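A lone chain, given as structure tokens: the form predicted alone.
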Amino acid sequence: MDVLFVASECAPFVKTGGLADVIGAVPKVLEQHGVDVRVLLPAYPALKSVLSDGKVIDEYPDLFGGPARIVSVHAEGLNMLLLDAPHLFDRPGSIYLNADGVDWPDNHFRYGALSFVASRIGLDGLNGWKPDVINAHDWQAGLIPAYLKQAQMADASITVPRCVMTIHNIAFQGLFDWSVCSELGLSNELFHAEAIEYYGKLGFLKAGIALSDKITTVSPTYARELLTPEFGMGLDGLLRARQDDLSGILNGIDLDVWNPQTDPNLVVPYSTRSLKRRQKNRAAIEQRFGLTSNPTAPLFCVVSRLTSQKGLDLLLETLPVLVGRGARLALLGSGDKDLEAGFTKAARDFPGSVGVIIGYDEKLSHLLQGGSDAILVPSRFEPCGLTQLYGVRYGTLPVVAKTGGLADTVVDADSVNLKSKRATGIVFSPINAEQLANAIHRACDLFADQPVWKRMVLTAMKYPVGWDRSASLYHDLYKDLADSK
């Protein structure tokens, strides 16, 4: 069975969030299930060295304003098809934003091109390879089923591949003025509420949800949440209409990349049999973030985009509680300027107790997981979340809000789960500052009972967080679709 993954980012080449980790991990696991996966990805500047090792297998003389080519290359265990279109993707800075921090004004062309090329691969094949199923990931790939539908409307005799739309975060929908439809070569026949139109605009994600054969998202709880106005963000009605085609398949993590026994980013690697070695990683974090040492209280960490979605304004509000318990916080992240300023000020207000590094640092994020005692994830909504899975894998116990994939992946340390030795972290609700403060108190109380805390750490580190089960579910979904062609 042949499957084409289409996404805007892929670890370890280019990453802004969890989507990249998923795209970098799942194809490798699916291949163990007999699935031949190719990943179609824009050839951003970060991929230039990989691009030079590839082979040109197709060319477009004019793809939305300039020449483009498809380059086939195998790297980091992935079979990739790189869309090399310099006029669209060869630019500095963020892959989505310009130097002023706003969306590139031609993002509709950039990711419309990605979707169009994916549809042509699905219709015509590429170098003798033709996908049975195309899996479009997030809004950047949302127009794929629209282009496929349009091709079928023009010629009913053609066979189109089945299409799966995976929603990683419904908050990002890819909305553009309706006038760009003609520029993207989209027929007016598709511009209606049951296809690509969304309140008078072109909706990339709306198109993907409306026209794909199946829809998946990244956790069972998030799949249920999306059916409600609170979480569906204007698309809940459409998703309710298509709920028989919607499923939540829980994300996992790459167990080779995230392995405390072999992680080169740690000062000292460790395992369940050598937990004392974590102390050297903890000391390195304290030194890097300017924190005082306190072996009697936990070291909390945050590795996150700084946004209200992530609930980090709630954490700012509860910092006096954390510091008052003698705990420390090491925060790595960037995002909302007010939150950046708030945490920077907190580091000045609580010297030795709060340390903040604004920015993105993949290596440091590994160290934080390998040496902190607990990781805070107080998100208001979280489709799945990966940082809490890294925490479970590394024995950095997650303190999470009860929402989305956080609720699906962390076993709360209530009296029943503690007694049965199932607890892997702390789950709180409702999602507000008061309950987050209570969760921090619970973590500090549990940490004070070191035998109980160590038992939770060992339980967490043995908890399955890989892709095996979920990859099997994806395989079954693809097979059912391919067999129904």
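Source: prediction; values computed, not measured. Numbering starts at 1 and follows the sequence shown.
Keep in mind that the form predicted together with adenosine-5'-diphosphate is not shown, yet the notes after this line are about it.
Does any heavy atom of Leu205 come within 4.5 Å of a heavy atom of adenosine-5'-diphosphate in the model of the complex?
Leu205: no, not in contact with adenosine-5'-diphosphate in the model of the complex.
With heavy atoms only and a cut-off of 4.5 Å, decide whether Asp336 touches adenosine-5'-diphosphate in the model of the complex.
Taking the distances in the model of the complex, the answer for Asp336 is no, it never comes within 4.5 Å of adenosine-5'-diphosphate.
Heavy atom to heavy atom, is Leu19 within 4.5 Å of adenosine-5'-diphosphate in the model of the complex?
Although adenosine-5'-diphosphate is absent here, Leu19 would touch it in the model of the complex, with heavy atoms inside 4.5 Å.
Do Tyr360 and adenosine-5'-diphosphate come within 4.5 Å of each other in the model of the complex, heavy atoms counted?
Contact with adenosine-5'-diphosphate, yes.
Proximity to adenosine-5'-diphosphate in the model of the complex, single hit among Ser304, Ser212, Thr409, Ser115 (heavy atom within 4.5 Å)
In short, Ser304.
Of Trp139, Phe300, Tyr390, Tyr147, the one that lies within 4.5 Å of adenosine-5'-diphosphate in the model of the complex (heavy atoms):
When adenosine-5'-diphosphate is considered in the model of the complex, the option within 4.5 Å is Tyr390.
Interface stretch in the model of the complex with adenosine-5'-diphosphate - options 180 to 188, 122 to 130, 93 to 101, 325 to 333, non-hydrogen atom within 4.5 Å
Of the stretches listed, the one contacting the partner is 325 to 333.
Suppose contact means any heavy atom within 4.5 Å; which members of 379 to 398 contact adenosine-5'-diphosphate in the model of the complex?
In sequence order, Glu382, Gly385, Leu386, Thr387, Tyr390 come within 4.5 Å of the partner.
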